[in-house]
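Here you get one chain, nothing else, as structure tokens; it is the form predicted alone.
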Amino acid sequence: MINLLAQLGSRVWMPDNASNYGSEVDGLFYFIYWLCVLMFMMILGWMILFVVRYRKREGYQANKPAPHHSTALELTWSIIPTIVVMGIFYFGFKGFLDMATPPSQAYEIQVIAKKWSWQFVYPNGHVDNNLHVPVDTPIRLVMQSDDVIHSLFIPAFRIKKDAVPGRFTKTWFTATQPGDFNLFCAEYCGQQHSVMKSTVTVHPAGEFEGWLTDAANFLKKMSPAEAGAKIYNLRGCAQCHTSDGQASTGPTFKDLFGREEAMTDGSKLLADEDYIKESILEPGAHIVAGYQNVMPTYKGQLKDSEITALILYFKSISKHFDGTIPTEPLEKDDQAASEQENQSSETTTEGQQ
């Protein structure tokens, strides 16, 4: 109660506003809220007054008949509420149109929802399971779902939009302050709906571009096993497959590589490189006994180097693999590759001399 009273005048039920149209949403919400409070108190007050004043009393006789009709009163309680409702509709519809009409030069990010993770695809091809945006920049989200209906909900931005299978939906916002904000799925989508959440990171002016370039080049800076672990988390694998041996929706990746797996058709397959790659690109080709065919395909979503990194990560957490895992990045950094090429060229030139 003390915390609630302390917030009066700024916000009561809503989180802090961090988007361009948050104040418009909050203003309409609080107008309706306090109007309802006022009407409730008025109706309750009149009820108490009438109960006390017109209660049945012994020996009391009415001097005149009770009124049964008043045109002025009926017009009053019809016209005034109509004007109020029309005003609410006008401001609500205006706000809806503002939210549904992104600016033409908005920065576009593709959103892929699937059980039970979010994937945000940036113009340079980088994929992240958290949403990163620059401050004070209009952002357009083009959303799709790989399986069932999901709903992207960012409370601090007052934004909620469904991701529907088989079609694209769009929404937009402008983040007005840097920081980290919660992102949830607001449509029940299955067993692990409650864990389908993410973080929106709003970068200060001038920092987003550097983050995006750095994040997109992680294969050039990490060892293959580290890069594979990052992809395992980025691409939503962790939502259905554990890395510590615990049971989940899909088979655990702990000790997967080199293990013989029993299939639903009675056959047995060795989990080697080819098996893992096929399971990523054609997950319905072979189904492990005891599990259902619910995994979406990653065909066209993962590069060969990313699949290789995943395989090397699985090797690093498998007791069945006793080989050596390379430590050099799978992709060469452009600057490092250029320096290496220059050194090689200089060595060749000195040899010819």
Partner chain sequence: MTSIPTPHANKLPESQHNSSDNYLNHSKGFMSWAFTVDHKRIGIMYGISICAFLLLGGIFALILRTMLALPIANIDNHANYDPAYLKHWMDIYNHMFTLHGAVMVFLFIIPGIPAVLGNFVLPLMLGAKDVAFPKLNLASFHIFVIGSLILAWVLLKGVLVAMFPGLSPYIGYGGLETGWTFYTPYSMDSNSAVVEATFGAFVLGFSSILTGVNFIASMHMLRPKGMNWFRMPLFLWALYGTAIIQLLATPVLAITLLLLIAERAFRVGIFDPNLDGDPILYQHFFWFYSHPAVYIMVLPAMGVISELVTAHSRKHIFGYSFIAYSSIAIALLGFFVWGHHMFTSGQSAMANAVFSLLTFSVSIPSAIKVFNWLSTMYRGEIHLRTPMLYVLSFILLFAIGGLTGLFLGALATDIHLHDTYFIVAHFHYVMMGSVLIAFLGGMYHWWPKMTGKMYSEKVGKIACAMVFVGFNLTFFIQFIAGSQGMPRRYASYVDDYMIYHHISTGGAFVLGTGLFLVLFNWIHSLLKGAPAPANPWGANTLEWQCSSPPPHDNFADTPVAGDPYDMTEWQYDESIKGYVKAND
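Rigid core: the largest C-alpha set superposing within 1.5 Å between the two forms. Residue numbers count along the first chain shown, from 1. Since we're looking at a predicted model, the values are computed, not measured.
Not on display, but discussed next: the form predicted together with its partner chain.
Contact with its partner chain, judged by heavy atoms within 4.5 Å in the predicted complex, is confined among 132-140, 262-270, 156-164, 203-211 to 156-164. Three-residue candidate spot 77, 93 and 186; every residue lies within 4.5 angstroms of its partner chain in the predicted complex by at least one non-hydrogen atom.
Although the partner is absent here, residue 197 is a contact residue: one of its heavy atoms lies within 4.5 angstroms of its partner chain in the predicted complex. Among residues of the shown chain, residue 182 is one whose heavy atoms approach its partner chain to within 4.5 Å in the predicted complex. Interface membership of residue 70, defined by any non-hydrogen atom within 4.5 Å of its partner chain in the predicted complex, is confirmed. Among residues of the shown chain, residue 29 is one whose heavy atoms approach its partner chain to within 4.5 Å in the predicted complex. Exactly one listed residue, out of 51, 285, 294, 325, brings a non-hydrogen atom to within 4.5 Å of its partner chain in the predicted complex: 51. Just one of 277, 254, 230, 193 comes within 4.5 Å of its partner chain in the predicted complex, counting any heavy atom, and that one is 193. For the partner-free chain shown, 25, 28, 29, 32, 33, 35, 36 of 22-37 come within 4.5 angstroms of its partner chain in the predicted complex, judged by any non-hydrogen atom. A movement of the C-alpha atom of residue 215 falling short of 2 angstroms is seen between the shown form and the other one when the two forms are aligned on their rigid core.
After superposition on the rigid core, the Cα of residue 46 moves by less than 2 Å between the shown form and the other one. Relative to the superposed rigid core, the position of the CA of residue 225 differs between the shown form and the other one by less than 2 Å.
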